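This document opens with one chain alone, in structure tokens, the form predicted alone.
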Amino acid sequence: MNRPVTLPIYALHAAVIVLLFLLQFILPDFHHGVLARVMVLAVFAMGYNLLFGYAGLLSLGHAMFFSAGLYGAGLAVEHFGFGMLPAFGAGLVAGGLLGLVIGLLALRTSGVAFMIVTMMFAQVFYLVTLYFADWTHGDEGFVIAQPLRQIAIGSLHFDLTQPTTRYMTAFLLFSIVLIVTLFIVRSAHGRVLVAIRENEERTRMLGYDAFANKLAAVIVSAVICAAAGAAYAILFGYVGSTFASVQYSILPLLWVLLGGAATTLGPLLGTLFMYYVVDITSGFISAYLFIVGLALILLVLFFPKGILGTIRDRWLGWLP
């Protein structure tokens, strides 16, 4: 029964992964670097989408999870002399622990209250990064020196400052998270999350533990966002409080809405679209945000559920 639907889903995701791999050999230097950054930020959006799109929990605090990974990796290198892989692991642990704590506290609320609580926690996290400026360097941030951004595995040596290595690392992270996300949303847990999003009370009546499933979603979402933050730190070498600001909690929401909430590939499409619209328009006019806003209005009018969300509703109902 599921084979006719399953095959196109896997084929589409495999095609996207193959395309991104091949683009490294085709793109000019500028777009090569941009796409590496977009893939890392798309992972951030994918983590957000798991909670917002599939579980229906609107958060305005995901910048703290991204920044937990960013600072977890960055501070581990800057102050404790960690290598790149242990630092990345430290970022994941920081994000997971923060997700557990925030989930246990914030999930006591729902709806608008959940949104406000997550925003308040994120603002506290942002202020903490400013208060401990001796460690974090506040808004100024700090740069991870290029000689430190190396990975040695046995006889193999990888320089993360090299464009090809950086691209392939971002590609590897994106591919792994995409596959994991696809597995989650097609699993029993993913279906329960959708059921909670649609009708939480009825889901409870069917015997499912709504709180446990939502807490698991918060933790997994936090770890994915932290992975994006840690990767950003070690690949692009900058750590700063800007990434913990409210703006970086709103951006993944925007990317997900543009690409299509509750679609596995929507976050990539939304991030790619938004990044290039801002980049192109800012090169022609100082009031580029007006052009960006106009483009977003037109997109919402013609694609009310995001690009992939609308395509799924109108033509391809099998899209996950």
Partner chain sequence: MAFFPHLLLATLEGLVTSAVLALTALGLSLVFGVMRVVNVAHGEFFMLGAVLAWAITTALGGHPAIGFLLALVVSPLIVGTVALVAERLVLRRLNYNPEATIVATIGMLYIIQQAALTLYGPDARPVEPPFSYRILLPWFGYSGYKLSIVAASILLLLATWFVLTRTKIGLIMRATQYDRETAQAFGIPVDRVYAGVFALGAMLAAVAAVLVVPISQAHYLMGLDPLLLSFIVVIIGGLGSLRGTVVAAVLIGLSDGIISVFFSPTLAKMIATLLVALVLVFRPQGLFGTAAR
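Positions refer to the first chain, counted from 1. A quick note: this is a predicted structure, and the numbers were derived from the prediction, not measured.
Beyond what is shown, the protein has a form predicted together with the partner chain; the following relates to that form.
Using a 4.5 Å heavy atom cut-off, state whether F80 contacts the partner chain in the predicted bound form.
Result no; F80 lies far from the partner chain in the predicted bound form.
With a 4.5 Å heavy atom cut-off, would you call Q247 a contact of the partner chain in the predicted bound form?
Yes, Q247 is a contact residue.
Hey, in the predicted bound form, does I311 get a heavy atom within 4.5 angstroms of the partner chain?
No.
Any chance M115 has a heavy atom within 4.5 Å of the partner chain in the predicted bound form?
Although the partner chain is absent here, M115 would touch it in the predicted bound form, with heavy atoms inside 4.5 Å.
Can you tell me which of 124-132, 173-181, 70-78, 222-230 lies within 4.5 Å of the partner chain in the predicted bound form, counting heavy atoms only?
Only one stretch qualifies here: 124-132.
Interface residue in the predicted bound form among I153, L85, L105, A145, criterion: non-hydrogen atom within 4.5 angstroms of the partner chain:
The residue in contact is L105.
Consider the chain as shown here, without its partner, and state which of V34, L27, V277, L253 has a heavy atom within 4.5 Å of the partner chain in the predicted bound form.
It is L253.
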